[in-house]
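Just the one chain here, laid out as structure tokens, in the form predicted on its own.
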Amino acid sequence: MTVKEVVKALNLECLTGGEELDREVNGGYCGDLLSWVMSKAQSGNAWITIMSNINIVAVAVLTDVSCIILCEDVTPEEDCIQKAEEQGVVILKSSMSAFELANKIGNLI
């Protein structure tokens, strides 16, 4: 399933993206401790978090996740959005909790 298909299925808000929306999502990872996410998230995962600062972009690049999904209506800082666009990192937004998102993504893929 692609990021674009996940966006449509879960009615997510796209904050950044482009051709990166065609990336495959092969699983998910929930986490807010960046060092932990760096050691546990896998390439192609949808990363669900409440973190919204610029450091999430670096972690997304290092782990090669397919997208970052900000849950609970978290809004990223403007410099985070700009850096994500520069680095080709997809950031999505949802009002759902991390638990709800993980459950729904798990049922999709």
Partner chain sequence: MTDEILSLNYQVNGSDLQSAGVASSDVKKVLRKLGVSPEIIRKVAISMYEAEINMVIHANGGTIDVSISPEQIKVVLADNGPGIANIDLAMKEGYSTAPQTIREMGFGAGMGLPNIKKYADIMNITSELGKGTTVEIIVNIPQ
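Every value quoted in this text rests on a predicted model; they were computed, and no experiment measured them. Residue numbers count along the first chain shown, from 1.
One more form of this protein exists, namely the form predicted in complex with the partner chain; it is left out here, but the text below deals with it.
- prompt: If you check N26, N53, Q82, T75 against the partner chain in the predicted complex, which one has a heavy atom within 4.5 Å?
  reply: Answer to the contact question: N53.
message: Check for me whether the partner chain, as it appears in the predicted complex, comes within 4.5 angstroms of all of I68, C71 and S94 - heavy atoms only.
response: So, no: the whole triplet misses the partner chain.
query: Would I48 show up as a contact with the partner chain in the predicted complex if we use heavy atoms at 4.5 Å?
result: Contact check for I48: no, nothing within 4.5 Å of the partner chain in the predicted complex.
task: Although the partner chain is absent from this view, report whether V59 comes within 4.5 Å of it in the predicted complex, heavy atoms only.
output: V59: contacts the partner chain in the predicted complex.
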